[in-house]
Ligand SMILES: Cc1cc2nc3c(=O)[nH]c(=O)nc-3n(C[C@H](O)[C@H](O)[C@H](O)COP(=O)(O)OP(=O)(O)OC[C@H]3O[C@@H](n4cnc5c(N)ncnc54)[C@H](O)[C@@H]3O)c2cc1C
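Read the single chain below, which is given as structure tokens and is the form predicted alone.
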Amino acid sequence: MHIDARTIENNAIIEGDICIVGAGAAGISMALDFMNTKYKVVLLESGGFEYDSRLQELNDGSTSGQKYFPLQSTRLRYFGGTTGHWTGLCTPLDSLDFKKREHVPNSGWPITKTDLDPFYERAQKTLQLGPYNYEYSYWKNQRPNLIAYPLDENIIRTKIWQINPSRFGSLYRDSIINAPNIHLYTYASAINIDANETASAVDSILITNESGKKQEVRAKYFVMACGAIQNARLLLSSRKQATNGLGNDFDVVGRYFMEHLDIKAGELWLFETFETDLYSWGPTKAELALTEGTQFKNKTLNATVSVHSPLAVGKHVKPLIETWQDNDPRKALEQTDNRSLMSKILRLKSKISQPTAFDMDCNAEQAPNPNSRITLSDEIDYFGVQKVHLRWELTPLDKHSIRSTLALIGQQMGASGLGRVKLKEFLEDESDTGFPELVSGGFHHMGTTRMHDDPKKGVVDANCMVHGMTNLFIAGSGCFPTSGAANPTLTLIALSHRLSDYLKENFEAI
């Protein structure tokens, strides 16, 4: 069922069993879980079904620290959310990503990968991917030409991705609208979370739109699925019953913002051509990574290295951080499309000459850092809500990990007789812990409402319930304690399915 909130009378009260704020990947996945159940689900979406430049302005904010993209264009405000412009790369986190690593401060999840495996399998279906199998040997049997570089498997592993750029807006629009127990409200921007006097439970959420009308949403349980930045923003700005914001008794909300560091870190020069489809884009794609034992031995974060782009292509392609600098995501995407078109042309030309030199694009985990954070600025948006400020702050461990990963791959390339690796200039000086401006992110916002058993170290518990509150939950990658090197969509959907099951199983008991 679909309702345009602009048509509802002012000060109306909307009631349901569960209120989900945000109709992106997390919110829609949870709504699908509750289809055809006895529960009335209120699903709130700030935008409509198409891009709206005025609503997009609500994402605006300022940044400092490491250079970052304009916040206004990193997320999309309409049904389907930012699945509207993602590339579809999917892979689960590794088992080690959930572990406490002594060389990685603030690492460790209160759940394991084994806990999440059944929900990863469900997420595969939600994303319309292939089987939940990311073993290289399995895919090698499916496609014999997926030949790996003959490197020491005790040091270097093959990390597999599956690819399907599912646009949730078109994929699940009809299913959500036609579900009698799912009440989708578009043009319903959440502007405040109203709690009881002790701030131990949410009473209602206030929504509004450009008509100037406001409505109150009441439910037994509330799930914030607005993305890592906007979830933190709503918690921090809801201060009527909690001076520091809801769930923020220990000043953790907004902290530990993480991205995936995306950067050209080196060049691979093979001695001769190596025929394989393994590292190219297709139904699957593989990258090089360090094994768990190698990471612990060398005290690195997780990272993967792509070697699919010939050097003849890469030298003509600017870093994404340079081309994606427009507040309007359509214009920023146009610049990216133009860049991609040129890349495709050059790649076709380079295939004729059988390239032996490749860019080594590193996608690296960011260390969880409490000083990398979201705060509220003094500016307000046109609904009167304070805008956000992002300080993106990297650490020496981040740079050490990238340098070590490339160096170890280079050593193995040499030992195997395949070729040599040349580090980019910014990695040559081991005493230099800073990063150049050409470091991009993956639009992967993580960590601002992190999961931890201790409320002094996290915002939500192992079940994604906000510490100290009995009916407020967070869905999405903001709950990640660490980021790993895997794109977050598959994991955040798996966590969302897990949260759905928890709510169903404990609906009366919570």
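As the structure is a prediction and not an experimental result, all values here were calculated from the model. The numbering used is simple: start at 1 and walk along the sequence shown.
Absent from the display: the form predicted together with the named molecule. The rest refers to it.
Contact check for S416: every heavy atom lies farther than 4.5 Å from the named molecule in the model of the complex.
Looking at V459, you'd find every heavy atom of it more than 4.5 angstroms from the named molecule in the model of the complex. The named molecule is not shown here, but in the model of the complex it comes within 4.5 Å of a heavy atom of G80. When contacts are judged by a 4.5 Å heavy atom cut-off, A190 counts as touching the named molecule in the model of the complex.
You can rule out all but one of 31-39, 449-457, 45-53, 466-474: in the model of the complex, only 45-53 has residues with a heavy atom within 4.5 Å of the named molecule.
Shown without its partner, this chain lists L390, I182, A303, A225 as candidates; in the model of the complex, only A225 has a non-hydrogen atom within 4.5 angstroms of the named molecule. In the model of the complex, no residue of the candidate spot (M360, A364 and L408) has a heavy atom lying within 4.5 Å of the named molecule. Along 440-471, these residues reach a heavy atom to within 4.5 Å of the named molecule in the model of the complex: G442, F443, H444.
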